[in-house]
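This document starts with two versions of one protein chain, written out as structure tokens and named structure 1 and structure 2.
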Structure 1
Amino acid sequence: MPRTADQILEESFLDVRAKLLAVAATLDRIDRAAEQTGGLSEAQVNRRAQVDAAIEICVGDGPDRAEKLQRLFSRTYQPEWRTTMHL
């Protein structure tokens, strides 16, 4: 018998809450450090934008949030990847 939505939330709530707190604390530390040290480098600005996009995906609707996150953090498929990576 499949678990109910209530069961899944009950089983996952504390773990999800802890992960969200970790993300929020990390974003707070980044923002405070950026204010004190003059901001993020260009490479890190792009990473921060990815994190912001990931958060938007998480709060969005739909049953495919995990797939969207995986695609956000993945490289675009290159058919010649073996050659490019010398494999």
Structure 2
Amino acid sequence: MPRTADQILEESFLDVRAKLLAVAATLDRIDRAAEQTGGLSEAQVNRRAQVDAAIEICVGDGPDRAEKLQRLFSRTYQPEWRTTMHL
């Protein structure tokens, strides 16, 4: 008998709450440091934007958020790699 959505949320709620708090606190920490020591470098601005995009995926609909996050954090597949590498 598969678990119901209610059961899964009940079992996972505190764990999800803790993980969301950890993310929120990390973003706060980055912002505080940016205020005190200057903003993010260009490379880190891109990473920060990736985090925002990941959060948007999490609040979106659909059962495949984990796969979408994985693709967000992946380099794009270059199908012509063999030609590029002369292999």
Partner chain sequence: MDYIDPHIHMVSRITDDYATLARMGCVAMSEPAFWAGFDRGSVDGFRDYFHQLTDVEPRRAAQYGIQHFTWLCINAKEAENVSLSRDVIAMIPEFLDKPNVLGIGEIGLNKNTKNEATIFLEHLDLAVEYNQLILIHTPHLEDKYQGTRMILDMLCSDSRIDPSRVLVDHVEEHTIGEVLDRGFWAGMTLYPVTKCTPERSADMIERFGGERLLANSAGDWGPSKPTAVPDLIFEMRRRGLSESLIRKVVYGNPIEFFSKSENFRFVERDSGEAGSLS
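Sequence positions of structure 1, starting at 1, serve as the residue numbers. This is a predicted model, so every value here is computed, not measured. For clarity, a rigid core is taken as the largest C-alpha set superposing within 1.5 Å between two forms.
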(request) Choose the one of the two that is the form predicted together with the partner chain. (result) 2
(request) Verify the C-alpha shift of Gln70 between structure 1 and structure 2: is it 2 Å or more after superposing the core? (result) no
(request) State the core-superposed CA shift for Glu80 between structure 1 and structure 2, in Å to one decimal. (result) 7.6
